[in-house]
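We begin with a single chain expressed as structure tokens, specifically the form predicted on its own.
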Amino acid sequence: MIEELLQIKNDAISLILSTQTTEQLEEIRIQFLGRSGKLNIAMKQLPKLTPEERARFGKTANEIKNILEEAIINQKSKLKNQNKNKEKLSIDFTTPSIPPKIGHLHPITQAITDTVEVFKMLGYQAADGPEIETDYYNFEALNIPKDHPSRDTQMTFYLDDKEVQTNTPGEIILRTQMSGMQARVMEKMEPPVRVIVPGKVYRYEQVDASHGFEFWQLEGFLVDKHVRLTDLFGTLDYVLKALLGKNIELKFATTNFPFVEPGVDTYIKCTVCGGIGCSFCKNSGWSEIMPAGMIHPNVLRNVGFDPKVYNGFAFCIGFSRLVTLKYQMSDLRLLSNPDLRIINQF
């Protein structure tokens, strides 16, 4: 129900900001705020809700109504000023033309920039790596041999060329996870290591509001002496609150990953629905944001580090999902929607 109100707000704001005349603005006002407008139609669902849901729904609806009314007033004032300026101005054909709009950063790019800055304050370096990866770095260096069952959960895109085959079949893939950069980086560095690697990954997922087959992740890892699991928890708590606000709620749950021991899953209380349950969080009230854990000794051995001397932690933020939660978007697919009315809101 709340999702429906948020969708009405987003649609109305996009249309209001794109109006060119006061007549168009009035039509939009009637369409969304009129007696038979979309907002009033949505309000007719109030009797079907529980008292608790009704209070939250009514409060949200009133807030959205105020936002839309204010947006209409501001846009009407803007249009009137534009018309006055047009009447006052005389045309001078020698005046240089108005330069075209060059756009602005995509919300993913903005969020990556912000995240890199937060991690730099903690002493991390940012790295980059290839999207076309080898099976070794993507799996085997991470303690995932070819017969490991966890490979079945990462439906991999293979890039073998049957006509010009220079590699063993099955060795060249589109990376399924940014964790493959752990080995690439640690092979070239000596401890202590603090690195983050943002990038796009590819694997088959059932596409829905919170999943896609092409999405962004941000891998991070730290290797040093005497690193503890509590260091990982403190880092994630600090970074996520710096990005999403101090009022977010986090929780951790134990899980299994071949490249960490012990392993944890990190959950954020859903910012789309406020924890009451929606399609984005699968009605659980919580959204899984990243796997993490202490780096497995085998991974350290694979890159030449002695696990008796060094240890560390790693995490892999589901970055597309993080951005969706940051901006309280109800569907991850909006991030790849080419409609500029969506992108221009950021």
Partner chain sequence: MLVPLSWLKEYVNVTLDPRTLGDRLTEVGLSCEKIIKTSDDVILELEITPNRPDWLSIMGVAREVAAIENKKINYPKLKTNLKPKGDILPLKIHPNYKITPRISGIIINNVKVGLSPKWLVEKLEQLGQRSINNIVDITNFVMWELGNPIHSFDYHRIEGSEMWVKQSAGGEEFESVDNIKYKLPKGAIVYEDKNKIFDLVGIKGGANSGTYDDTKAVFIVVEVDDPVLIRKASQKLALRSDASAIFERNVNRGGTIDALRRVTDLILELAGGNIASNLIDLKEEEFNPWKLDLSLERLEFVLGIKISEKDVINILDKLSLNPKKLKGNIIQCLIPTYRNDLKIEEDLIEEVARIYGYNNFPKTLPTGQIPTDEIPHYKDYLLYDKAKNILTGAGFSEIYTYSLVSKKDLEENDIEIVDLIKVTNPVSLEFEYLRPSLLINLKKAYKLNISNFKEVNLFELGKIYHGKTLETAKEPYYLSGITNSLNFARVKGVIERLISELGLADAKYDISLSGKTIIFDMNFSDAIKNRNTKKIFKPISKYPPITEDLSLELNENVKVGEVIEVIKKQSNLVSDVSLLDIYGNTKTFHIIYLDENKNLTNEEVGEIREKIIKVLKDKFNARIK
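Keep in mind it's a predicted model, so treat the numbers as computed, not measured. Positions refer to the first chain, counted from 1. Each form is matched to the other, and the largest set of C-alpha atoms that superpose within 1.5 Å is called the rigid core.
Beyond what is shown, the protein has a form predicted together with the partner chain; the following relates to that form.
The single contact residue among N62, T50, S284, S36, judged by any heavy atom lying within 4.5 Å of the partner chain in the model of the complex, is S284. Using a 4.5 Å heavy atom cutoff, none of E70, N81 and T271 lies near the partner chain in the model of the complex.
Using a 4.5 angstroms threshold between heavy atoms, E131 counts as touching the partner chain in the model of the complex. Although the partner is absent from this view, I343 contacts the partner chain in the model of the complex, with a non-hydrogen atom inside 4.5 angstroms. By the criterion of a heavy atom within 4.5 Å, V193 is counted among the residues contacting the partner chain in the model of the complex.
Interface residue remark: F32 is not counted as part of the site for the partner chain in the model of the complex, having no heavy atom within 4.5 Å. Residues within 4.5 angstroms of the partner chain in the model of the complex, judged by any non-hydrogen atom, belong to 289-297 and to none of the other stretches in 38-46, 289-297, 54-62, 22-30. Taking the partner chain as positioned in the model of the complex, the residues of 181-197 that bring a heavy atom within 4.5 Å of it are, in sequence order, M181, R184, V185, K188, M189, P192, V193, R194, V195. Relative to the superposed core, K246 shifts its CA atom by less than 2 Å between the shown form and the other one.
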